[in-house]
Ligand code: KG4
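Below you'll find only one chain, the form predicted on its own, shown as structure tokens.
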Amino acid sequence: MLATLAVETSCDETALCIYTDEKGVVGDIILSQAKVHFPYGGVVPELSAREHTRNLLPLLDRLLKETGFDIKKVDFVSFTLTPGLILSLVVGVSFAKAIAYYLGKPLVPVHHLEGHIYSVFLEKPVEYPFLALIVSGGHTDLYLVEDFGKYVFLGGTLDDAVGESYDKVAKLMGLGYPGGPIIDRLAKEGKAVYNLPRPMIDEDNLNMSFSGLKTAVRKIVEDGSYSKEDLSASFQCAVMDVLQKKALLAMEKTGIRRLVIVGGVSANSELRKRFSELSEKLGFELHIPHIRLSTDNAQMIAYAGMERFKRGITAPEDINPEPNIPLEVFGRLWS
């Protein structure tokens, strides 16, 4: 039996997981920093790093007590190397290195987006090749996944990520943070009555843009009288139209009928409803992880780390975090 301790601190969730190749997830724990960043309407990097520093060791102690797992049985420590907020990554990588040094065990680096892609494998393996639509606070990308570690970038946002747009729009309307769940909830109570743009939706490529959509929302807000429910519904409808069109275009261009949708925004109820209906109507294979696995977590890092370790991939003791190594590059570097 192989066992790993996984560490995830790429943004504002502090997460740890103990995972074995026989039992799967032995135990995992996530501590959200939403309340810390709420007054600022977004993540403050310095505060995020401080909270990770404060909470990692107590969380590990709690995880070990709850699971009764002997940390000395860990065979390697897996951790998020890239991408993310550099200060948050520094804390997590330093913690992983300290634990690995104490145990005399190797380190296994994981790409955060790779972790998201393989979050669906924690529930059910997906046949290769497949398409991956990654939608989160920092990323909106389409990838062709040919095999583990073999990733081809197909297209993505040229400016704001989807989750970032949700947070910025929520801040414009004074809704609070994080914006995604709030807008999703308000959209259910409103109607898409505002004529908002769908940037790049008709272009014959797989790139996207959301900054213009955000600007259009700002103009409506600045004009004064508007319905938060209707504006939320209109914004969300525009976002989903773009994601839906680009995902279908990716299938058309590649001929692949298996789609994985991951990342924090994959927890969105309208996204799940739309793509589920579309999958049933058009007959393509759809995989979206459980909501708990959609957001940042250490289970996905543990799974990807286990796959890497079994392929003989480990990192030197002096490895340092990187804020943004593209997934396709990471796949070539660490293979």
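In case it trips you up, residue 1 is the first one in the sequence shown, and so on. The shown structure was predicted, so the numbers you read here are calculated from the model rather than taken from an experiment.
The following text describes the form predicted in complex with the named molecule, which does not appear among the structures shown.
Proximity of residue 264 to the named molecule in the model of the complex falls within the 4.5 Å heavy atom cutoff. Contact annotation for residue 92: none of its heavy atoms lies within 4.5 Å of the named molecule in the model of the complex.
Taking non-hydrogen atoms only, residue 55 never approaches the named molecule to within 4.5 angstroms in the model of the complex. Interface residue remark: residue 119 is not counted as part of the site for the named molecule in the model of the complex, having no heavy atom within 4.5 Å. Within 4.5 Å of the named molecule in the model of the complex, a heavy atom is found for none of 141, 155 and 326. Of the residues 163, 199, 190, 149, just one reaches the named molecule in the model of the complex with a heavy atom at 4.5 Å or closer; this is 163. Picking from 69-77, 98-106, 206-214, 166-174 the stretch near the named molecule in the model of the complex, with a 4.5 Å limit on heavy atoms, gives 166-174.
With contact defined as any non-hydrogen atom lying within 4.5 angstroms of the named molecule in the model of the complex, 136 is the only contacting residue in 119-136.
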